[in-house]
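Here you get one chain, nothing else, as structure tokens; it is the form predicted on its own.
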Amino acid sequence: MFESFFNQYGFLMVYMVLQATLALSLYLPLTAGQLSLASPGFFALGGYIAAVMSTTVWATNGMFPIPYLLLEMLLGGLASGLLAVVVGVPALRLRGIYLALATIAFVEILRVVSLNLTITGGAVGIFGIPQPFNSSLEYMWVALPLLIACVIFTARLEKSRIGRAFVAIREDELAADAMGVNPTYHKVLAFVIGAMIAGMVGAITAHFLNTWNARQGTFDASINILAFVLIGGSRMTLGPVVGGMLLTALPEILRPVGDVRLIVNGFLLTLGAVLLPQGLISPRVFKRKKVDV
């Protein structure tokens, strides 16, 4: 029974974990008060690096070596981090909706560039990306440790001096600056860390999907990831994780309702935003109730 369940839903389970990890890449800049929608761009970059490296640089006829996959994840994360520094220093001078528009433009620029490059396969993309595992569920051996590591890192970062600086900037940037916190440094740092996470997730997702193209990094993907964070909860590390898993699985859960499942999905998202403005996971959920004496 359990074997048939995992065989049937193994792909979905792994994808839920990957999307939950990707949600953390948007959550980190948000902790510093930055509404950045650039995660799909770095996600696509990491995927392209893995796709190009695995199909040209160290192409193999048999099973793709796992150390190569880990190296691609590292390269995807580093490349995304470096690009985030270049983009983040000027872009993060903007605030609010202006920063969101700038990061959307960044995602669109990367998408158009990938559509017109030969190395990325143009509009067709890259197919036949080598597989390091025999089944979809085996990807969990890499995806789940990556999620756990990112959750632990993010949780510890929030409790550190840097994390407190993020919160101070989010609550009042001028007051934080007056208290000696460097807003530009910390905002760029949050942006870079989020970009590195997105790049690593993109590298493993390219192998997982076996194909990669410009549709992986679009404005629609930005909105989906933002929904993961807002519905899950944008004030606690577990919020994006829960939101990413739940909203990734929701269309499959609603599959029995047929063609109207996307309408129901949108209705549930709207209902969740109205009834739970702080998300499913918020500090209020874990706050102890006061007892009146």
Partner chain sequence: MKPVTRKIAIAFGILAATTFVVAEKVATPIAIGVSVAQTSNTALLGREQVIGAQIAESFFNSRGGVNGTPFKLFFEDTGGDEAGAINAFQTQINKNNVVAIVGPTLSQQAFAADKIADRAKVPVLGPSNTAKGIPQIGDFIARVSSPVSIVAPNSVRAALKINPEIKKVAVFYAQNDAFSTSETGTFQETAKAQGLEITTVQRFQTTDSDFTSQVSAGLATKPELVIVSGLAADGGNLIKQLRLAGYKGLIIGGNGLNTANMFPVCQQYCDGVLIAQAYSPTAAGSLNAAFRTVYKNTYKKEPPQFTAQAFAAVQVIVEALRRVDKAAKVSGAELADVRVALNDAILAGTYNTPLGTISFDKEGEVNQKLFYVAQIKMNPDNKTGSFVYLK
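Positions refer to the first chain, counted from 1. Since the structure is predicted, the reported quantities are computational estimates derived from the model, not experimental observations.
The next section is about a form of this same protein that is not shown, the form predicted in complex with its partner chain.
Chemist: Can we say 149, 192 and 280 each have a non-hydrogen atom within 4.5 Å of its partner chain in the predicted complex?
Modeler: Negative, none of the three is within 4.5 Å.
Chemist: Just to confirm, residue 141 within 4.5 Å of its partner chain in the predicted complex by heavy atoms?
Modeler: Contact check for residue 141: no, nothing within 4.5 Å of its partner chain in the predicted complex.
Chemist: Using a 4.5 angstroms cut-off on non-hydrogen atoms, would residue 184 count as touching its partner chain in the predicted complex?
Modeler: Heavy-atom contact with its partner chain at 4.5 Å: absent for residue 184.
Chemist: Is residue 133 a contact residue for its partner chain in the predicted complex, using a 4.5 Å heavy atom cut-off?
Modeler: Flag for residue 133 set to yes.
Chemist: Examine residue 262 and determine whether its closest non-hydrogen atom to its partner chain in the predicted complex is within 4.5 angstroms.
Modeler: Flag for residue 262 set to yes.
Chemist: Heavy atoms, 4.5 Å, its partner chain in the predicted complex: which of 70-78, 210-218, 196-204, 158-166 makes the cut? Say which one.
Modeler: Going through the listed ranges, the match is 210-218.
Chemist: Taking its partner chain in the predicted complex, which residues of 113-130 have any heavy atom within 4.5 Å of it?
Modeler: Heavy-atom contacts within 4.5 Å come from 115, 116, 123, 124, 127.
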